[in-house]
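Starting off, we have a lone chain in the form predicted on its own, written out as structure tokens.
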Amino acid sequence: MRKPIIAGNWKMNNTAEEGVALVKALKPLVADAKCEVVVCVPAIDIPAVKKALHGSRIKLGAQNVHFAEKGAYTGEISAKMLLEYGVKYVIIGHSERRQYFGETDETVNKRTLAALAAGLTPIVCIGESLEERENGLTEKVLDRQLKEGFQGVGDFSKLVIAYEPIWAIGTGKTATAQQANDAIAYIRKRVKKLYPHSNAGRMRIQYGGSMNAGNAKELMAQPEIDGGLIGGASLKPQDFAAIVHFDK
């Protein structure tokens, strides 16, 4: 059985003080959650949010990690630094990192391997643009990302893949439940083919394209969808809690 995982990506939102207020409001709302709950917060918020999460089952996540243990990488953060503050999860390869900051499949691969080696659980984002989908290239794009972004990964049950169709992030557009399920089923099938000893049957794959309180139940009812990577809705405790409780 794959335990569902709902992770909030705060992106570049919330000061430390605002983040603490958010998780204090969220904690009682998700105390009885049956799924795994994660908040991925700006790096500067991590110490304060860690303290505020004390006593809850909500896991702490970061939004990026560098592939080197240390060195002349101004502005970057190592896995060791994250671990010191109790970080369990880290988002890697989000489409915004790829679009605005030059992230590539190669650097995604290096960051993923570094996170796994350190004992962090990567949430690795893959997905196609609107133009690629309309041109029938979805599977080709996913194949490339899986081949180049996951080389050297052994046990895929130790990471999470977030399928995020780029055209459905922050646009209000959402893939239909069937579209999302089909893409995620394809990802699982290709991982099994490309990496035969990957333990892909236990790998969790989230949907990361504008999941919200209104569509979470339908999306999570699909057999291949194991959770959601939530953007805007994760900034509102009531909305995020409604997604966490998709089964009610």
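As the structure is a prediction and not an experimental result, all values here were calculated from the model. Heads up: residue numbers just count along the shown sequence, starting at 1.
What comes next is about the form predicted together with a small molecule, which is not displayed.
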Report whether the minimum heavy atom distance between Ser210 and the small molecule in the model of the complex is within 4.5 Å.
yes
Taking heavy atoms only, is Ile169 within 4.5 angstroms of the small molecule in the model of the complex?
yes
Contact test in the model of the complex: Val23 vs the small molecule, heavy atoms, 4.5 Å
no
Can you check whether Pro237 is within 4.5 Å of the small molecule in the model of the complex, heavy atom basis?
no
Are all three residues Asn9, Glu164 and Ile230 in contact with the small molecule in the model of the complex, where contact means a non-hydrogen atom within 4.5 Å?
yes
Based on heavy atom distances of 4.5 Å or less, which listed stretch (94 to 102, 68 to 76, 109 to 117, 139 to 147) is in contact with the small molecule in the model of the complex?
94 to 102
